[in-house]
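Below sits a lone chain in structure tokens, taken as the form predicted alone.
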Amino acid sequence: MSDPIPSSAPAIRARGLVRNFESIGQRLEILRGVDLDVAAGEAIAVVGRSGGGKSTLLHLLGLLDRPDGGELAVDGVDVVRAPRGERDRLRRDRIGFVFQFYHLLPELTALQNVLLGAMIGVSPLDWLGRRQDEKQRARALLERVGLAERASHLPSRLSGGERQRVAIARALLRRPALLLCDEPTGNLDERTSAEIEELLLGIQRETRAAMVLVTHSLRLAGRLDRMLMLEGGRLHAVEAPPDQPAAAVASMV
């Protein structure tokens, strides 16, 4: 893949991120002042207990939600103060998402699901001019994830691992500077999980996109550049020997 070199701006710079929710008249403090720096091309893992706010953090980083307090810059853009149109453009063009449950549209083929990202925000006339080039890239991405022969299949005819491969191809279509992955192997068996791990890490190295990956797999987390734990609403660096990074958190997750 001939994706561009990431910009010199940090992929993520967060200071004091706060996110609260209301539940049955109670205020739940999920994130209580998260600080995070992710350099362009860096891959980090976020681990922690279930319900601790990891997905909430990804939603803020991916501009799917807004913080209640703090500062956040993504790809050099102050997204807390940015107008909605700028946030939408940044999310569409510079951020790729891979979710645990794939989020494929059941009535669309694998190829059509991958192409969805290219069609958002594009006028019908512009799409006609770009359609063939986008289809060619989508097919190349499906080939890269090992699904060249499954492009015309509906999600119902694909296995869980194959659906996740389609989701990865979809996330890569716009050549994102930042990949956000929320438990990308959490819904897969051990063998398929290992295959998806190799695919994701290989693609991250090839594209040099920054990556923030939420996972309960300590083995996977230990293969990334850094491991952070979300605990008590804040991120903490995990200090451990380089050859056994998971050992430091095995009793805490």
Partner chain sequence: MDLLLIAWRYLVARPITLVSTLSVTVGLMAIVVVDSVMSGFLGEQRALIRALAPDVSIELDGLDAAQRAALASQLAADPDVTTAAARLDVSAIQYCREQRSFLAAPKLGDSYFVNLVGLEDAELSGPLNHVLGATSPAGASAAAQSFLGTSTVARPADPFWFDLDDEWWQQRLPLDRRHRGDLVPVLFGRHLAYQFDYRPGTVVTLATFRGVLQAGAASPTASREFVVVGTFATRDRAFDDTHALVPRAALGDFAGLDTDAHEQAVWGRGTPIELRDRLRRALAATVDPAAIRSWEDRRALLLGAVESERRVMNVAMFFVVIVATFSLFVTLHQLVRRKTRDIGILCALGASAMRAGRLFLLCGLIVTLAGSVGGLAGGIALAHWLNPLLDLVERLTGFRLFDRQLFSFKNLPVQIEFGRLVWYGIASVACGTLFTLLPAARAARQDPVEALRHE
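Residue numbers count along the first chain shown, from 1. Keep in mind the model is a prediction, meaning the values are calculated, not measured.
Separately, the form predicted together with its partner chain exists; it is not shown, and the next lines address it.
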query	finding
Contact test in the predicted complex: A194 vs its partner chain, heavy atoms, 4.5 Å	no
Its partner chain contact in the predicted complex: Q100, any heavy atom under 4.5 Å	no
Any non-hydrogen atom of R165 within 4.5 angstroms of its partner chain in the predicted complex	no
Heavy atom of T215 within 4.5 Å of its partner chain in the predicted complex	no
Among 194 to 202, 223 to 231, 53 to 61, 35 to 43, the region lying within 4.5 Å of its partner chain in the predicted complex by heavy atom distance	53 to 61
Proximity to its partner chain in the predicted complex, single hit among G129, G121, G76, G146 (heavy atom within 4.5 Å)	G121
Residues in 92 to 110 with any heavy atom within 4.5 Å of its partner chain in the predicted complex	R92, F97, F99, H103, L104, L105, P106, E107, L108
